[in-house]
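Here we start with a single chain on its own, the form predicted alone, put down as structure tokens.
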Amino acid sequence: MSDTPLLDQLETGPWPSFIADLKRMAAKKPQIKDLLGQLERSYEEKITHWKHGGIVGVLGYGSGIIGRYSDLPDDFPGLEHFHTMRINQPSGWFYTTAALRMLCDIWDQYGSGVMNMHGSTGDIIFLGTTTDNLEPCFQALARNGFDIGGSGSAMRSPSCCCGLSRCEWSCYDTMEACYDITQEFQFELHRPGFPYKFKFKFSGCPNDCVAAVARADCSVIGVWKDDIRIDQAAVKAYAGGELKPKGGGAHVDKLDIQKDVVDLCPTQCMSWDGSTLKINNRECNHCMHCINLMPQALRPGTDKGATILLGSHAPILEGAQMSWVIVPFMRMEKPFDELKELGANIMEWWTENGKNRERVGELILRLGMREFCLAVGLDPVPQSIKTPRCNPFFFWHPEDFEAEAEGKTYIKL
């Protein structure tokens, strides 16, 4: 009988199994055999056997290493130390085969050989090494141009979509912005000093292929200010079935412009009379639905930049939270000084006012959007309001009415 009957069940079925991979690796890595044994024990006893990691790291850095220790070191000596290293990924996750082989060779030498491409923040995840091997592994990576990513109460490794390198919808160079921001905030990335984690994610268009709006504290979403460009002849070709919706990837072969495009517009800003498609661009919220369905007929405008959003995270203190728009439009051109200044101001305010394990979005909920805008030097914008006339984030005080009586204007048309 197998030593791991419960794990063996995970190899059944039509899908590839990580257990099969671990068994293959166990032939040359004794610690992987121990890993399988401890995992089997956890399945039997319905309890984890990883204990709290403690503090481990490399010289000069306070983040990037997650300590892992087994509470059964006598039974599984290969897991007495089994630390995780987060390695900062290249922008857009572009690698040469030589770089991938180099990473594998380093981890085979200094670790278990188990890798995750990639973690939820985007990092390359090296799973399983000893305390003694952390520093030499880090030095080998550094010699080959790779750095450790973020972990703990620090800025996490920024990540981005492929942007202009491969995507025709990208409204700015996401890879350049991601790299530049990563270089700018090296201290915040490597030396934890925040109340909790802070993530930058860069998406080149509102399709948001890195899911920034739902997962990043600061989301930089490419957008355009002017009108959507329309090729009316191509629209007719879609209506006639000559062009396939979504480049042939839709659930229908022929597009019904009224039913599939106009009626599904979330702001109802489109109309179709059978020959001409019209868009009221003042009402468009750039959801990309129509552009995705008819990529040869519709294209983003040419006045491009990014919308900056803040505050999303998975459930922690206040539950899951989506981002708020804080800057509707920002130019995204090197050296990205406006974004860097805004990011630094946000981090400073959050560091001074945040409680332990309180994300920046939760701090805004607690203190209010008014306090946030005043602190970081942003004017309030209508896009931050979730529900008109029922908005909890702006608070009026007596001095505001006095200033208004003296002629202060809050909304500039």
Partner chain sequence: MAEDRITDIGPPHYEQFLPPVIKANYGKWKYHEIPRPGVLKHVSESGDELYTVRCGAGRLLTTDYVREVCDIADKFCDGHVRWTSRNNIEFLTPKKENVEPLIAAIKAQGWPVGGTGHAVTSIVHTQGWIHCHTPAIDASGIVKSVMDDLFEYFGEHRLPAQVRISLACCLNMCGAVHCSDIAILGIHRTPPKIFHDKLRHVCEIPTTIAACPTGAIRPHPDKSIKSVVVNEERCMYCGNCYTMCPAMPLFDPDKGGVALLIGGKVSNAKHPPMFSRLGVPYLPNNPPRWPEVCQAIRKILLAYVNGANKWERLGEWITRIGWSRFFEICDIPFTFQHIDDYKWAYDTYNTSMHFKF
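Please read all numbers here as calculations on a predicted model, not as lab measurements. Residue numbers count along the first chain shown, from 1.
The same protein has a further form, the form predicted in complex with the partner chain, not shown here; the description that follows concerns it.
Decide yes or no: are Cys171, Phe329 and Gly368 jointly within 4.5 Å of the partner chain in the predicted bound form, with each residue judged by its heavy atoms? Checking in the predicted bound form: none of Cys171, Phe329 and Gly368 is within 4.5 Å of the partner chain.
In the predicted bound form, the one of Cys137, Leu339, Val235, Met175 near the partner chain [non-hydrogen atom within 4.5 angstroms]: Of Cys137, Leu339, Val235, Met175, the residue with a heavy atom within 4.5 Å of the partner chain in the predicted bound form is Met175.
Option touching the partner chain, based on a heavy atom within 4.5 Å in the predicted bound form, out of Thr276, Gln186, Asn281, Gln258: Of the listed residues, the single hit is Gln186.
Taking 4.5 angstroms as the cut-off for heavy atoms, does Glu45 touch the partner chain in the predicted bound form? Judged by the heavy-atom cut-off of 4.5 Å, Glu45 is in contact with the partner chain in the predicted bound form.
Is Leu378 near the partner chain? Define near as a heavy atom within 4.5 Å, in the predicted bound form. The answer is no: Leu378 has no heavy atom within 4.5 Å of the partner chain.
Does the 4.5 Å heavy atom contact test between Asn133 and the partner chain in the predicted bound form come out positive? Taking the distances in the predicted bound form, the answer for Asn133 is no, it never comes within 4.5 Å of the partner chain.
Would you please decide whether Phe146 lies within 4.5 angstroms of the partner chain in the predicted bound form, comparing each non-hydrogen atom pair? So Phe146 counts as contacting the partner chain.
Which residues from 80 to 112 come close to the partner chain in the predicted bound form, meaning a heavy atom within 4.5 Å? The stretch touches the partner through Phe82, His83, Thr84, Asn88, Gln89, Pro90, Ser91, Gly92, Trp93, Phe94, Tyr95, Thr96, Thr97, Ala99, Leu100, Arg101, Cys104, Asp105, Trp107, Asp108.
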